[in-house]
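Just the one chain here, laid out as structure tokens, in the form predicted on its own.
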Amino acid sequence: MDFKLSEQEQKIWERAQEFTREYITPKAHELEKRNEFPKDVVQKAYEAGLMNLHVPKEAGGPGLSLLAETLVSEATGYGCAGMATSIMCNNLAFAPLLIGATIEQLKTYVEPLITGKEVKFGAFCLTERGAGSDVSGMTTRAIRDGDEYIINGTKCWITNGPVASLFTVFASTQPELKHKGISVFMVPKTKGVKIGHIENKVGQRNSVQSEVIFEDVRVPKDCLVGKEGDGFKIAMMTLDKTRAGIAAIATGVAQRAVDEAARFASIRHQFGKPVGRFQGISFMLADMGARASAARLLTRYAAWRADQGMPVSKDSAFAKAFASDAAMQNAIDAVQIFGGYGYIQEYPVEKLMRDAKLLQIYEGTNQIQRMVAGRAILKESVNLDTGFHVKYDGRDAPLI
């Protein structure tokens, strides 16, 4: 078992860390106060080759691994989870297209967005006010009209919605089939695509989320990804892969909390010695470090499995839930170690706490992640034989 990064991955990791130190960490608080989308920073990330890593070479991208993406997300998440979300959101927006679209479709709709001088954005449009974890409640409709589809509906909490040039839209083509009637479309910014309410969030204010409204939007039939009814399957396959990216941002936040708390505990003196020398604080730091390290290992393992084409639903759910919980707990502990300073905006850890909370919610709440993982474990248990048997309802069954 080799945990060493490849030479290419190591270079990406170092480049992303250097980029974070130069462009993200120094500007995160300033931009957050203005509640401003970090267009200039994201442009620099694009120029540095830190975006769209997963797009295949045939469609103009570098065709790198999911593991490489997680390295960038962890490094940028260390500097600011909101900026990391803005930088990595194309991964989510384009993932359904990479799963279900043809190379010809990718060259038509994606390649122009990733090969120009100016950064362009995609937006993943799945969630609605009445259809979050339960997508079967989706009300957005796509009706076939000759060689076109007409799309109507409203999506909410769409990351990069106000700045997107291409929307990956999930809409029902056969409402009576519920989730089996969902399809997915590539929708360019065109007539009838409108931006609604822009969210004013507690944390991750360096990313932007909004409503996206589709009013009689006409798209050609070649904007359909895969076949009608493939949308739910493609969405689940997408989230299986992209959860690792959220876990990676969370790992960055968790590690930043460790580092900030440790530095403060080394210089803050009480009772004649650094507070880090007290057992109560040192134990907290040890637990925080263990969480960050475990989150990193779970995340990279999930990404590696996805890159190998192995089943990844359970492992990506483990990674996302554990890493985001670790980020939240580490941020809370960092605030506690800072004491009163931790509750003041001039110090870095209160932002970590606000940013971490969203990581437990978006791209599938951690309760949903536990449902995904639990179902996978139960499915695996059908073929599990521990060697011990008892009677259940009069039938032989393994004792597990």
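Treat the numbers as computed from the prediction; the structure is a model and nothing was measured. From 1 onward, residues are counted along the sequence shown.
Form predicted in complex with a small molecule: not shown, discussed below.
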query: Contact segment among 325-333, 156-164, 292-300, 216-224, judged by heavy atoms lying within 4.5 Å of the small molecule in the predicted complex; finding: 156-164
query: The small molecule contact at Leu358 in the predicted complex, heavy atom, 4.5 Å; finding: yes
query: Partner contact for Leu126 in the predicted complex: the small molecule, 4.5 angstroms, heavy atom; finding: yes
query: Interface membership of Gly132, the small molecule in the predicted complex, 4.5 Å heavy atom rule; finding: yes
query: Exercise: Gly364 in contact with the small molecule in the predicted complex, heavy atom 4.5 Å; finding: yes
query: Candidate from Ile368, Leu64, Ala28, Ala59 lying within 4.5 Å of the small molecule in the predicted complex - any heavy atom; finding: Ile368
query: Contact assignment for the small molecule in the predicted complex, among Lys314, Arg305, His179, Lys201, heavy atom within 4.5 Å; finding: Lys201
